[in-house]
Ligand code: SAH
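Before any questions on binding or motion, here is one chain by itself as structure tokens, the form predicted on its own.
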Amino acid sequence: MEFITEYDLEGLRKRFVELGFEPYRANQVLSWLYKRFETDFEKMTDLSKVHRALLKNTFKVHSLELVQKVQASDSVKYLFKTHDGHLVESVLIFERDHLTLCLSSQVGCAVGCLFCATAKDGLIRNLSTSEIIDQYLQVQRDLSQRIRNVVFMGMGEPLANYEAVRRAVYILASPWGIDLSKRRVSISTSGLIAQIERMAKDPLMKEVNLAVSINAPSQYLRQYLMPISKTNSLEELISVLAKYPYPEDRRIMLEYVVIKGVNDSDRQAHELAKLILPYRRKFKVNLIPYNPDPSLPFERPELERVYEFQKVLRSHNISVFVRISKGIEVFGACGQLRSKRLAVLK
């Protein structure tokens, strides 16, 4: 069986021709799937019974099984199981006037950030395009309100699974697909320089929002927290980002997870300002108070300390915002609910 969500419109039209369908039937099916979020082929009533039977015998829609849903006042975390038994997470975040869905792109992660629950198991495998899109479909079908924002900030490094993520973005942003604005799709990366340069040359990917995890003002500390910095140095990363082909009205988000006693001092705030000041119009900084995990030795700072850090950056005319972490009640940080469930199963 094939997963129909692995196909874009052109690919599905070709596949339908091979199956004896008229090509336009692909448009009809994707309209049912991505406009009405109907996943039962039998209910696609503008197709004949013969067509519906052939679809049912050839394709599956869902590549994931929902195994747990945990609700909080500001978010909902969904835990899915893949066909080969792995667990992945998605988090629905309630914003003031819209919904944001945080998607995973890998099972586990190879980046190895010391403060991240996902990193503990290393990389198990990439998610397929269908597994990425199915996160959106299953969460959307659980809601009455449309999800308008998608962020690739869940489990995994999206740019290490570039092709599958790119195909998912294509489906998310295409008029025949889910039809989100490209400015409402964000890719968060730990800073894979070669892949960021690839994004910059990609007509589709350079249109989405780019967020880069910095988390330290110096190469020494960043390499300690994020071992990937050993081969993707902070200095080179900032230089590459400064050349990223955004128009003047768009900025790259520099994500800075603030960890108590590790990277939250005024001195470190001044160092960070010095690092990005030459390119300050290119960036905005998001300060994110650490979302603690009981299995990791790091703590969440007091909000007053985070606001003092922000004050220092503002004194250098840096555009900076404090983004209060949501989902603490539902183990909202990447990999936490998965880790909790795996611990129970052991």
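For every residue, the number given is its place in the sequence shown, counted from 1. Because the structure is a prediction, the values reported are computed rather than measured.
There is also a form predicted in complex with this ligand; it is not shown, and the following applies to it.
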**Message:** The chain here is shown without this ligand. Which stretch in 22 to 30, 51 to 59, 281 to 289, 301 to 309 comes within 4.5 angstroms of it in the model of the complex, by heavy atom distance?
**Reply:** 281 to 289
**Asked** Any chance residue 137 has a heavy atom within 4.5 Å of this ligand in the model of the complex?
**Response** no
**Request:** Find out whether any non-hydrogen atom of residue 272 is located within 4.5 angstroms of this ligand in the model of the complex, and reply yes or no.
**Result:** no
**Item:** residue 264, heavy atom within 4.5 angstroms of this ligand in the model of the complex
**Value:** no
**Request:** Indicate whether residue 80 is a 4.5 Å heavy atom neighbour of this ligand in the model of the complex.
**Result:** no
**Fill in**
Interface check vs this ligand in the model of the complex: of 90, 188, 75, 195, the one with a heavy atom inside 4.5 Å is 188
**Request:** Find the only residue in 210, 153, 238, 178 having a heavy atom within 4.5 Å of this ligand in the model of the complex.
**Result:** 153
**Message:** Suppose contact means a heavy atom within 4.5 Å; in the model of the complex, does that hold for all of 8, 131 and 172 with this ligand?
**Reply:** no
**in the model of the complex: members of 155 to 173 within 4.5 Å of this ligand, any heavy atom** = 156, 157, 158
